[in-house]
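Given as structure tokens, the chain that follows is alone and in the form predicted on its own.
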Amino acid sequence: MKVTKLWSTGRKPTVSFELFPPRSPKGADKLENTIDALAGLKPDFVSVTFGAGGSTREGSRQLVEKLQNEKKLEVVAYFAGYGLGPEDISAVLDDYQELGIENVLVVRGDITREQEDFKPHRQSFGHASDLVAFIRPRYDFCLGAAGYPEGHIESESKDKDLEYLKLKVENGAEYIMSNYFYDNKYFFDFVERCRAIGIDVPVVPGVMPIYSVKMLEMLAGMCGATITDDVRQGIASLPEGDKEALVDFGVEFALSQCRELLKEGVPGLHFYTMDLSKSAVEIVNRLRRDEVL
């Protein structure tokens, strides 16, 4: 099913989770447990990341196939095209098509850190908007694009970033999956600015529970998400080194965000799980118990 059908008028908000391919046998075992726990929530779909420069190409394919065929879950397959030439792009997308994938989230992707001598193909696309334009006339996938409520970390301004997002939509993107944020005002302002310039596709907020201080700082630095005073003060009030208390705080903070987002009528909630399940399971179960989801 094309995921845009899930956001038609009158339907309940969707629940979805992001997963990424394991990098070790230990990671594979952990992911298996995570998948089983999240599948038990009967999500509307799950997404699978795709490493920079095709670095997880085979792993992504294997995970997509497992989730689609073995676990019977609707899958949105990421595709990060940076560094890849047209033939490699088509090979990956042909493979997804053969697997029965109907939904692809198109991102530029970061410069790979896996290969020191990596050189992008001379015909590689420099922007996700160019990649969407390449894919749209060649495939019938439901295409999504990434959106950044606080602006992409490499963008010269929020306005310029929004211009590129509009171009992604004009070139064929049918929905937007947002980066996470720790202040809902960033998201609400983002959607308002999208609508003001004519971007009228569904915009799904990304939710990132707090898993550890180290991960919090690292991810915020990579993607430009602001660690708000509320988050920093909340963490500072916890017993030092108490990992369980930190995770519990992260759940409560994300719950508060989700309740407000749902109250304002978002089309769904997309959880960045980092291949962990405990926080997402707790949040979704409590939202459903309270009948707000």
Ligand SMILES: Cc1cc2nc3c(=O)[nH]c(=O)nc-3n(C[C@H](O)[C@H](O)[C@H](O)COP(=O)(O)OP(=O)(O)OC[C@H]3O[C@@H](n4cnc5c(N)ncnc54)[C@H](O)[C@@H]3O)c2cc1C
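Predicted model only: the values in this text are computed from it and were never measured. Counting begins at 1, following the sequence as shown.
Quick note: we don't show the form predicted together with the ligand, though the next part is all about it.
Q: Verify the contact flag for residue 174: yes if a non-hydrogen atom of it lies within 4.5 Å of a non-hydrogen atom of the ligand in the predicted bound form, no if not.
A: Residue-level check for residue 174: no, no contact with the ligand.
Q: Please run the contact check for residue 99 against the ligand in the predicted bound form: heavy atoms, 4.5 angstroms, yes or no?
A: Flag for residue 99 set to no.
Q: Can any non-hydrogen atom of residue 275 be found within 4.5 angstroms of the ligand in the predicted bound form?
A: Looking in the predicted bound form, residue contacts with the ligand do not include residue 275, since no heavy atom lies within 4.5 Å.
Q: Answer for residue 217 alone: is it within 4.5 Å of the ligand in the predicted bound form, judged on heavy atom distances?
A: No - in the predicted bound form, heavy atoms of residue 217 and the ligand never come within 4.5 Å of each other.
Q: Using a 4.5 Å heavy atom cut-off, which residue among 148, 211, 181, 141 comes into contact with the ligand in the predicted bound form?
A: Of 148, 211, 181, 141, the residue with a heavy atom within 4.5 Å of the ligand in the predicted bound form is 148.
Q: Scan 257, 68, 49, 34 and let me know which has any heavy atom within 4.5 Å of the ligand in the predicted bound form.
A: Only one option qualifies, and that one is 49.
Q: Using a 4.5 Å heavy atom cut-off, which of 88-96, 75-83, 193-201, 133-141 contacts the ligand in the predicted bound form?
A: Selected stretch: 75-83.
Q: Scan 198-234 and note down the residues that get a heavy atom within 4.5 Å of the ligand in the predicted bound form; none is a fine answer too.
A: None of them.
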